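Shown next are two forms of a single protein chain, provided one at a time as structure tokens under the names structure 1 and structure 2.
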Structure 1
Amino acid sequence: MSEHTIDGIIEKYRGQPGSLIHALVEIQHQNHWLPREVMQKVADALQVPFAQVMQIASFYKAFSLTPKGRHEVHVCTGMTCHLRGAAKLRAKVEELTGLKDGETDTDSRFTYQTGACLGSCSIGPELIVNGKHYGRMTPEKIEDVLKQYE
């Protein structure tokens, strides 16, 4: 994301300390993570202490303080998905992307994560890419799904 775009988001909330979370959400959505220097700009523009920005950014799981890929890939590892073959999904995603849980590839295409329960047990095992749920997933289907996110 360009610095110009980030600055535009920050300007929209300038002088509005009550809009801190909104500003961070918008930046996270566009940039996929919150660099320290951007959080400092937000603190200055919204007139809130940098420590408060850090506290919010590190408390909420939706925010990332490390770079993420353009596409976030999640495999559910909750009990229902586990019993329905989530381990095979994990192995296939790791094979296709070359990533382990929590990693981002070098060209920032994918960030791969697993989660204990992603909230859709009835359609497990489940793969989620950029918030889109792919239920009753099989290892054979994963490559076709990931190709959609070139």
Structure 2
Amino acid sequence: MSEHTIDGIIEKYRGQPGSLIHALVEIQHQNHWLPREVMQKVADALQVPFAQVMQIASFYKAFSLTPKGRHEVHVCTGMTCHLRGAAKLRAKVEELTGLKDGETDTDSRFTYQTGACLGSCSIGPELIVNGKHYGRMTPEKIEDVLKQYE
């Protein structure tokens, strides 16, 4: 995402230490991760010590301090999905992508993450790619789904 957009977000909150989380959420949303230089810019503009920006950014799982792949793959490990076979989905995704929970592959294609109850238990077990829910997933179907994302 362009530097321009990030700067725009930062400008909007200049001088407002109380808006730290808002600024970080917006940058995370646009840029998919928070580079250190960007956090330093946020610290300077919002007049928050850098250590506090780091503290917030590393505290919440919603923020990523490392680059993300082009596509975000989530497997739900919530109770319902678990009972409906999420472990098998995880094993298959891990086998196909070669990634462990939280990792991104070297060509930045996928970032794989598990999460607990992603809010659609009725269609579990589910696989979510870039926010799109694939319900009633089986390990056999996963390969075809992932193929659609280059």
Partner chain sequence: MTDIVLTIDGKEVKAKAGMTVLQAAQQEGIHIPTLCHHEKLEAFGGCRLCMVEVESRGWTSYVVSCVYPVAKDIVVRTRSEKVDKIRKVLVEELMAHAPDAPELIKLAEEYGADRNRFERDASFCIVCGLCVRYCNEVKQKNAVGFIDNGARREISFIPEVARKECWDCQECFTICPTSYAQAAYLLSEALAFPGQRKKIKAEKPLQPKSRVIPIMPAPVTT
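Keep in mind the model is a prediction, meaning the values are calculated, not measured. All residue numbers here refer to structure 1's sequence, counted from 1.
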{"query": "Selected structure - criterion: the form predicted on its own", "finding": "1"}
{"query": "Among Leu83, Thr66, Val129, Phe50, the one marking the hinge of the rigid-body motion between structure 1 and structure 2", "finding": "Thr66"}
{"query": "Angle through which the smaller rigid unit swings between structure 1 and structure 2, given in whole degrees", "finding": "24"}
